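Okay, here we've got a single chain as structure tokens, the form predicted on its own, with questions on binding and movement later.
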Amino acid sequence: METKHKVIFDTDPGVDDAMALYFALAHPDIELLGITTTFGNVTVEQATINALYLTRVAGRETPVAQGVSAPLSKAPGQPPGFIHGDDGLGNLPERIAVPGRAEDCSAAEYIVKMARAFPGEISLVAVAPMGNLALALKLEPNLPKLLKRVVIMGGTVSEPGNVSPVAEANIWNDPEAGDMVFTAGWDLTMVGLDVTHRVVLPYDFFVRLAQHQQHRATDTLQHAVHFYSDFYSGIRPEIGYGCFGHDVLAFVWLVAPELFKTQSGRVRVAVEGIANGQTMMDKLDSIFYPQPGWGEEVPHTRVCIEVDTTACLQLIASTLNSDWLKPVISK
């Protein structure tokens, strides 16, 4: 039997990031070693505040290392407060004071330090723009050999994008970093919109979760998901009152890959022009293309293309409803 998955969680919390974080803390097969933060859904400073808050109110003192604040070269944009709230958690009406501060090292330094300390053991789950991974690669070119695997929530192959007709937000926010990640050569799985748009989490689930657990952490999550569901139900009324389970599916793949169908191929990212941020996959693999950038030097990515929606929802529900919460850590 495989031991627990040692995980570093690279994130920009964010409502769906909070769902993913709590799934990781709740699942018995995941050992969350640390969290690295980046810009995206919120500023990197707010992402760090949220990571510290979410873990402490759940009773955990997980290390948090703050990372990049802007894309590698693309002009930075504004965080989407209309989706996640200006604070990233649906504009919480109040927060209790919690202890803790970010690590002294940067997110990239933390990733490298931990990968060297546990060579071949750590799974890095990244659900945000990929700047921290790109900088970690520059610090340690052998990082793909030091990490056991990388799982990203990002990109899309066939499903329409969510920031353009062809681009998903995490990759679009920092396309150069995304292309570095897809071409680095690690054991890489992409959990993109092709599957995350197949898993809708009803808001009522989070109401029942908060009633069952009766804990500040689940109250916080319920509030955040209410704001998030307002957004999604406004632009996608066909899903009912709820939201997509984007980021949590990266952890679902980690612990239950049998719930997904995948296809392997070379993936590249468009870094400029109207297709900026598009994840393009070579589905044929055997054809020689005169266009450079698709040769054998480009490693394959495992891309999730189908998902067992019912089984995913059952796993998420059973995990979050389990006895995992601890007393709040407050000042």
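Values in this document were obtained by computation on a predicted structure and should not be read as measured data. The first residue of the shown sequence is 1; numbering continues from there.
The same protein also has a form predicted in complex with a small molecule, omitted here; what follows describes it.
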Can you check 139-147, 243-251, 94-102, 215-223 and let me know which stretch has heavy atoms within 4.5 Å of the small molecule in the model of the complex?
243-251
Taking the shortest heavy atom distance, is Met153 within 4.5 Å of the small molecule in the model of the complex?
yes
Taking the small molecule as it sits in the model of the complex, is Val112 near enough to touch it, meaning that at least one heavy atom pair lies within 4.5 angstroms?
no
Do Val157 and the small molecule come within 4.5 Å of each other in the model of the complex, heavy atoms counted?
no
Applying a 4.5 Å heavy atom distance criterion, does Asn162 contact the small molecule in the model of the complex?
yes
Among the candidate residues Leu124, Val127, Leu89, Val181, which is the single one with a non-hydrogen atom no more than 4.5 Å from the small molecule in the model of the complex?
Val127
Exactly one of Leu259, Ala108, Ala169, Ala210 has a non-hydrogen atom within 4.5 Å of the small molecule in the model of the complex; which residue is it?
Ala169
